[in-house]
Structures are given as C-alpha cells and as structure tokens.
Ligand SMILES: NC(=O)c1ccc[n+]([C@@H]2O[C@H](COP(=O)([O-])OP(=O)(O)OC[C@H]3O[C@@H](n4cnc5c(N)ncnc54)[C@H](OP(=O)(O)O)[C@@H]3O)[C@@H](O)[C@H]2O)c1
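Shown next as structure tokens: one chain only, the form predicted alone.
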Amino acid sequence: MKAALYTAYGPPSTIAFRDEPIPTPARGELLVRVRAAPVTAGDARMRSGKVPRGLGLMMRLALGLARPRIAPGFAFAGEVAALGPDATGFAEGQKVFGLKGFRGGAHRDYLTIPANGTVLPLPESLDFRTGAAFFFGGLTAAEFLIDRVRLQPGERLFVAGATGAVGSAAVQIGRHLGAHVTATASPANHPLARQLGAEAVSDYRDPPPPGPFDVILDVMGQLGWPGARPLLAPGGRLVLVTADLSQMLGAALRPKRDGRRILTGTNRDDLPAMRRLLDLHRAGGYTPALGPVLPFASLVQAHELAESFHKPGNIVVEMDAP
C-alpha cells in the first residue's frame, strides 16, 4: 500500500510516498481501507512548521526538531477491511469514518484504529468525500458556538473567514441555532457563504461590517481584540480560532474585557463530540462544504491549496488502492 510521510519541515514538496505492507489489526482493532481523507489547514501547519507567533518552538519540541515525527492526515472515511481479535461493534465491508488524532496516519491506503476509538459508522446521508471532511471544521465550530459562547436564537454572529472548513461549518451551525449570520470571504466564495446561510457577506479585504455583533468568530485571527472590540455588542464574545501565544495568554489571564469576553483554545475530538456533530447533521444543521477533490497521488497539490487559506470548503484526496 501507499503511505504519505513528511521528510522535513518545509513546502509541500517535502511530502513523499513510500510502499508499506498492509498492517494486520491487533486485538480490538479495525483495519480500514481508506477511501478518502481531508487535507486541512492543520496538515499544512504541521508540515510547514508555520504556526502562529510564539508557538513554533513548542510545536517542534512536541513534533520533532528536524522534521515532523507524525504521519500526515488527521481524519478519514473508508470501509472495514478486517477485524482484529475481540474487535466488536463493526463488520467487514461496513462504511466508517473517524479521526486518527494528533499523531495522524490517515493519508495512506489502509490504517488501523481501535474499534472502541474515534470511529463511527458512516451514515447513508454522507458519502466517502463528505465523510472524510466531516469532523475537522465541524467539531471546532460546534464546540465554540454551542459550548463555549452558548450562541442563542436571534443573536448576531459574525464569521470572519466563512468558507474554509471551520468557517463554513460555523455559518451552518450558527444559522441552525437561530442566529443572524454575517460573513466575510473572498469574493469568489460569496455565493457559497450565502448558500450556507449567511445573510450578509462582504470581502474580507474591506473594512469589517460595523456590527454590533453578539458573537465574533475570527477564524484566522486577523481581527484580534483590537479589531473586534469596536464591533462587539455589550456582553459580546470574541472567539479567536487561530491565536498566537500572546493572544492565548491574554485570553487566559484576562478573559473579560469591558463587559465582553475573549476565548481561545482547542476543541475536543472524542466520541461524544463526534456523536453530537452527527446529531447536528441528522437535524439538518451541518453538512461539510466540499471543495477541491484530488487523487491521493496529488497530495502535494492538495497541500498547496490548503496552505493558501482561501480554499472554498474542505479539500479531500481520494485513495485508489485495489
């Protein structure tokens, strides 16, 4: 089988492929034939080493000083090819989707994962492409909007950067929760933002809409507190999805400012969070917006698109193992 790997920190050309034997599932594991996997902004950051200011050294201490010592690919969709001893809850040939987590390993033709781990049956309402794209942005948007800021019906939500994986999920979930959604995006992506549920859309390069907004989701961290403060209503909440070290520390040490709140952090990627997102999908509140779909052999090109941070929807690669 083919498996992708990072050879060094650097541009997309540092991605390589190697032939590996198909793994044998251990006790309690599934062997999954991967049909599709997303290529995310997180993949691009792990490969390039380009992370928000102040986090570079911590990332390299965690992942490797000379090259990323993780495998590419955080999420997947595919079908169960075999079950290890005592693996229960699934059947051979069953369609599944899930997360490999921080250590990666989804950009390959076959993978193993614990049957009681972060893997679920793929519903009929999703195909392999949308199943692969399902979790990355959706989990982030759902946790921040539902759990962290507790978005309420009738509130005014501004999604700054509304058509990538996180932003496109946030627009849909915000609309589903009954909020009035305003968005910014590249002009070419304005139709997509409106289709997802934004009531007003403007160019992200123009001055931001005047507000006031009850919640601002700053996907790329371009507004920050200085840019968001004049746009927030009293009691408003600012979410910095992408934050540098100083912003993280500032939010931790001084989360309440002028009667408003600022939030950063990461989202949970466990089974309860995954199941909650699936419930949202079944209720009509979220389906991943699909962007470019490329063959697995074009993984380098997929990384180039992900690194632009202006992609429409989710980038997915499809595997073609026999």
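Here the structure is a predicted model, which is why all the values come from computation and not from measurement. Each residue number is its position in the shown sequence, starting from 1.
The same protein also exists as the form predicted together with this ligand; that form is not shown, yet it is the one meant from here on.
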property: In the predicted complex, the residue from Val241, Ala106, Ala179, Leu145 that sits within 4.5 Å of this ligand by heavy atoms; result: Val241
property: Among the candidates Thr118, Thr130, Ser186, Gln247, the residue which, in the predicted complex, approaches this ligand to within 4.5 Å (heavy atoms); result: Ser186
property: Heavy atom distance at most 4.5 Å to this ligand in the predicted complex, all of Gly167, Tyr204 and Gly265; result: yes
property: Per-stretch contact check against this ligand in the predicted complex, the hit in 217 to 225, 122 to 130, 84 to 92, 97 to 105 (non-hydrogen atom, 4.5 angstroms); result: 217 to 225
property: This ligand contact in the predicted complex: Ala162, any heavy atom under 4.5 Å; result: yes
property: This ligand contact at Gly313 in the predicted complex, heavy atom, 4.5 Å; result: yes
property: This ligand contact in the predicted complex: Arg261, any heavy atom under 4.5 Å; result: no
property: Partner proximity in the predicted complex: Ala273 to this ligand, non-hydrogen atom cutoff 4.5 Å; result: no
